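A lone chain, given as structure tokens: the form predicted alone.
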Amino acid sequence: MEQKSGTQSVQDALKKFKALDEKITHFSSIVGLAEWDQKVMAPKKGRNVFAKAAGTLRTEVFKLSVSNEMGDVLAALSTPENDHVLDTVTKAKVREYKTYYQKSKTIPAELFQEYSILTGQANDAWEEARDKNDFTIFLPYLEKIVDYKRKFAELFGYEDHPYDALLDEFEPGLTVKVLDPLFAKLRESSVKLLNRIQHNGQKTRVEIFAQPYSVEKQKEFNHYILPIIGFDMDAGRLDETVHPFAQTVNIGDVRLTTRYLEHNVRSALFGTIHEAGHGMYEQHINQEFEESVLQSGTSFGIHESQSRFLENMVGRSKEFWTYFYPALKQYFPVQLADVSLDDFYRAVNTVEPSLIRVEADELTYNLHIMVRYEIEKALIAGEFEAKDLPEIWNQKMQDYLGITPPTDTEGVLQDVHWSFGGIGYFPSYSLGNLYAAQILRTIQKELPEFKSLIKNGRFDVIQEWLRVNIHQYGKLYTPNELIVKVTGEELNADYLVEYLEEKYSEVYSLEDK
């Protein structure tokens, strides 16, 4: 009789939990749509009030997530005696909400609302500062955001470093102690390989990109390749914005954005492929997870692995351009008239230290991330203040890449992330590269014809492998659980080190070390 009563109690809790989960997910979808609209469609004069409205809605979602009702149902569903009643999917949902609840319950709702409104307004300030090359326009907003993030780190709690509390938001379980040795190995090998390329590598025909490429033709080509590589245009769209991103409204509505530059055709070309990697991850999530907390990727690092895998390991491969280069030449017959496939392939894989992260080559990209990682760690630890950032940024760029930005627009103002409070986000990009290389090693074992599939345009086979092994699970597994499930081992930096060494030795005809 007691068991029946207890089971009934669990069923009541499950019913309430499902209702809360759906409500939070629905509200979050609308918030996502509003954020996309603000960045892509909204007129500038209305954005300030728009940011306040979106902040109010985000606060309501926050209140639901940390409500007493949520606390009660999580407590009821987390008892050892009820563990056997819950299936794997429900346990994963409880895990996700419980983690958020325990951390966020410490934040007063009014503090969260102030922060939400601030980050909504900060995006416009960042855009203006970037456009006018005036860091002082953005500085007051950034100072407040950093102050909030320091407060949140203390409220969330941490063992070793305050930055750990912020890392965990984007990559659950990740700490400075884990990340530092991974990055140290990658940094050392990248600097050595860069030095060999600069001193011993053959030159590439990178000058083929130093000419105008019609923006309209770029748009046409991007819309041509998206469905071929697997992005479902009936469940998504492609638009233009200042800083490329992907936004999921729901599994059937995934929105990509890109940036078109007439004198940098590679920006939109590879930016679109990159965002498509994010988009296909979201489109392929198990539809049974729709309207629940599990309907998105498991972490920012795993998410980034899918975009970096598609952009670089597929999109910059010789096989990819064997298939697509004839079509690209039809769109740009004058610019590519005397450019062979081999010349083009080597050109899109040119290694050259550059100012802009999103346009960096595959090797030096990780050094851009390490600049930001080192800055964020020190900033959150209080080792310097936001006003010092331009000078520190420029020095780090000189130390890591040997170049100094001539303007703040090309330096400290180039990324949107700090404007939306994404401190702790940047390491996800290099984590994505690390995960992607490890996944590549596995997919090449399980699909020995991997390169041939790309060469013949059979992206459907590759996407199906990714869907079955990664995408469908959404947030069902933690990032560490998923990478072990897919590859058989925890994250290992050796695979990316080996991949970069092998690739660029071939591109630049480097002799053995």
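One-based numbering along the sequence shown. Bear in mind that the values here come from a model prediction, so they are computed numbers and not experimental data. We call the rigid core whatever largest set of C-alpha positions still superposes within 1.5 Å between the two forms.
Beyond what is shown, the protein has a form predicted in complex with another copy of the chain; the following relates to that form.
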Any non-hydrogen atom of E169 within 4.5 angstroms of another copy of the chain in the predicted complex:
no
My question is simply whether G236 lines the interface with another copy of the chain in the predicted complex - judged by any non-hydrogen atom within 4.5 Å.
yes
Does another copy of the chain get within 4.5 angstroms of any non-hydrogen atom of K45 in the predicted complex?
yes
Please check if G252 has a heavy atom lying within 4.5 Å of any heavy atom of another copy of the chain in the predicted complex.
yes
What is the one choice in L447, A53, V461, V468 with a heavy atom within 4.5 Å of another copy of the chain in the predicted complex?
A53
Residue (of E291, E359, D408, E311) lying close to another copy of the chain in the predicted complex, criterion heavy atoms within 4.5 Å:
E291
With a 4.5 Å heavy atom cut-off to another copy of the chain in the predicted complex, the contacting stretch among 226-234, 169-177, 209-217, 421-429 is 226-234
For the stretch 18-44, return the residues whose heavy atoms include at least one within 4.5 Å of another copy of the chain in the predicted complex, in the order they occur.
K23, H26, F27, S29, I30, L33, A34, W36, D37, Q38, M41, A42, P43, K44
After fitting the rigid core, is the C-alpha of G46 off by 2 Å or more between this form and the one not shown?
yes
